[in-house]
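Starting off, we have a lone chain in the form predicted alone, written out as structure tokens.
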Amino acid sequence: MKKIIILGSTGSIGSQTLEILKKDKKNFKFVLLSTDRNIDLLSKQIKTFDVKNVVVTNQKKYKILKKKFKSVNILPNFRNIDKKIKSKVDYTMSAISGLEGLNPTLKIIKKTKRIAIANKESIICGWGLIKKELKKHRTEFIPVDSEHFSIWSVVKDYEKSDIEKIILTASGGPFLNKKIKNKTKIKDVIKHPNWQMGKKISVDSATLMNKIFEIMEAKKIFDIELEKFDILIHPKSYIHAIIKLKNGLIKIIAHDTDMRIPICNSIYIGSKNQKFIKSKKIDLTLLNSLNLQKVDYKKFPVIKILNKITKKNSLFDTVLISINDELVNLFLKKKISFLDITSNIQLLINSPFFLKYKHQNPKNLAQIEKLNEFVRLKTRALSVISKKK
């Protein structure tokens, strides 16, 4: 039986991972699951998958679950998680959203043979730390975001020097063919046309900030120059990446808008008992109407931030992640408008408070976490000032 860990098991990616594994449950042993506060779903997962170890990071919810399950080892944090797991597991899905996922990801790498990471914030802010742990413990890494899994599926068979261009696609979100108004409602912003996602990532998709992050993520994972990346709008989200090779070949990776495809492949790739999920037949109508187009910089001005990204790893990556996270949070709390997100990002990344971090390399987790708190605090203060103006 293969041993499995899922960090963030109650979120979208974690839940879909368990959905896949449930069909093949007899071949897996579920070593650890985790959540922040969704203990109702976690309780069902504990019973369904006979889990003996769980982490609940919300202290109130932790105490409630602790009383409910006497035979389960319930932990309040990831502090000593690497010591609790005695031997290496076969597969870990790291799907805790936000920078909160970086610490458990770093801790669990040494305890797993393969790790699939679906947390772009961790990769963007802490890739240097992650890469060091992967190499030290000889842990195989597979990216799970549909774009990055698509790129990985091709470039793993080539040298970096063989790659001429990598294009990521963006759906354009809910406002591709609509005018964006300052009084746009939250319900309209998070109504993604193709994917069912959480509120935060749905807002990032609407601004196209998610594509900025995906390029930053891809640049780090594949160690390929920033200049080789580009973005095209593709409303149907059928094509996830296009790779132009120097030998003249152009490889287009397409699949249905279903995250179970990269997840399933990350679990079973290389296995003799390869499992396949049921996917739709090739849609010729869709293939004949891909409608690829260049990004409209006037509608999505946030794309200009690509010019601000540093070529080497720096703490400015954390600055950008933290500014955006806090602004999206303020928007979802109705403290700022939708258009204020982009305008504030452009204002704040040029602030002297933050520009200095372009020349500082991230040395450890504590430094990243401390900077994240500082940037969020400054963002709350400065964004309120800019709104009043």
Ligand code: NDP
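Residue indices: 1-based, along the sequence shown. Please read these numbers as outputs of a predicted model, since none were measured by experiment.
The same protein has a further form, the form predicted in complex with the named molecule, not shown here; the description that follows concerns it.
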Decide whether Pro174 counts as a contact residue for the named molecule in the model of the complex under a heavy atom distance cut-off of 4.5 Å. no
Taking any heavy atom pair closer than or equal to 4.5 Å as contact, tell me whether Ile252 reaches the named molecule in the model of the complex. no
Arg37 versus the named molecule, in the model of the complex: is there a non-hydrogen atom within 4.5 Å? yes
Is Gly128 a contact residue for the named molecule in the model of the complex, using a 4.5 Å heavy atom cut-off? no
316-324, 360-368, 29-37, 63-71: which one contacts the named molecule in the model of the complex at 4.5 Å, heavy atom to heavy atom? 29-37
Select from the listed residues His240, Lys211, Lys111, Lys120 the one whose heavy atoms reach within 4.5 Å of the named molecule in the model of the complex. Lys120
If the cut-off is 4.5 angstroms on heavy atoms, which of these, Ser97, Thr139, Ser153, Thr184, is the one near the named molecule in the model of the complex? Ser97
Which residues in 140-165 have a heavy atom within 4.5 Å of the named molecule in the model of the complex? Asp145
